[in-house]
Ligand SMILES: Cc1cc2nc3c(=O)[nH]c(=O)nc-3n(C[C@H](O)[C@H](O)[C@H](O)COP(=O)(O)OP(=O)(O)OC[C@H]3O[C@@H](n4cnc5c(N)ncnc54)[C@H](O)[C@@H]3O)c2cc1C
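Let's start with one chain on its own, the form predicted on its own, as structure tokens.
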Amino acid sequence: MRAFLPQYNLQRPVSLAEGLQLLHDQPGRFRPFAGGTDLMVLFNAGKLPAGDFLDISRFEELKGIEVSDSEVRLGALVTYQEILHHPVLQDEFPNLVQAAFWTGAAAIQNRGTLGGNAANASPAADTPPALLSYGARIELVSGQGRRSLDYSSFHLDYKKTALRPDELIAALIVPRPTQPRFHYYRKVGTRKAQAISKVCLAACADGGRVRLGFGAVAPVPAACPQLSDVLTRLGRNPLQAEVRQALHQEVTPIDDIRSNREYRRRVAENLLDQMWSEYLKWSP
């Protein structure tokens, strides 16, 4: 059942400065609204609480992909389609491109934004595992200035982030590689397309350092630092018992409408095995 439209108030400032002023003057009142691909699902189902929304879709300062010698800066309003068709991302960050490809159909990919996917804070979202695998940082902006966090510390708990009421996500930043690296991204869902993830694993390895990003196996997108450290110490050797022990400590799935914890735990083990098998065959 669709929600009742007159119960909602949408403000449409034309600049980032104007939007940040609204958030500063009335902290906690406005909920940012960009592509709306998550919020409109709730609205159409009659489950979106009535309230005040802030349309940030016209903020030019939050748009665009900037490439420097050391990093790629993706504005919060960058869409999945922009990610899919960017040559540097295709070449150097295939996990992120693959995540964008698996995120909905073309209509969603044209409207949905990278910043919105992070702000929505779903542990089953497709892009967070890829960002974690690349050691991304997230930049937050308010009327008081900007601050940068490791993306692995942005998600605090289920649907809870480090974003303050007066802040917006400005950008996601990924460091460019300085040497050849191994990439792995695999999403398991009910179908091969347009399905919410049951389990997702992204991995990246360079210079012996292994970084992971798991989706849908914990209250937040999970970097699994203990497991990553064990794999890094292991080098290019077959998996050992301590790897599975570390996995079980950091992968804590739940039962829900899409799957159950035992299935998710087993699939996480299988994906890790598959990833490592491909890593052992990889030649830099």
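No experiment lies behind these values; they were computed from the predicted model shown. All residue numbers are counted from 1 along the displayed sequence.
A second form of this protein, the form predicted together with the ligand, is not displayed here; the remarks below concern that form.
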At 4.5 Å between heavy atoms, is Trp102 in contact with the ligand in the predicted complex?
yes
Using a 4.5 angstroms cut-off on non-hydrogen atoms, would Ile196 count as touching the ligand in the predicted complex?
yes
Is Tyr80 a contact residue for the ligand in the predicted complex, using a 4.5 Å heavy atom cut-off?
yes
Taking any heavy atom pair closer than or equal to 4.5 Å as contact, tell me whether Gly213 reaches the ligand in the predicted complex.
no
Work out which of the listed stretches, 81-89, 198-206, 143-151, 167-175, brings a heavy atom within 4.5 angstroms of the ligand in the predicted complex.
167-175
Could you work out which of Ala34, Leu231, Val217, Ala223 is the residue within 4.5 angstroms of the ligand in the predicted complex, going by heavy atoms?
Ala34
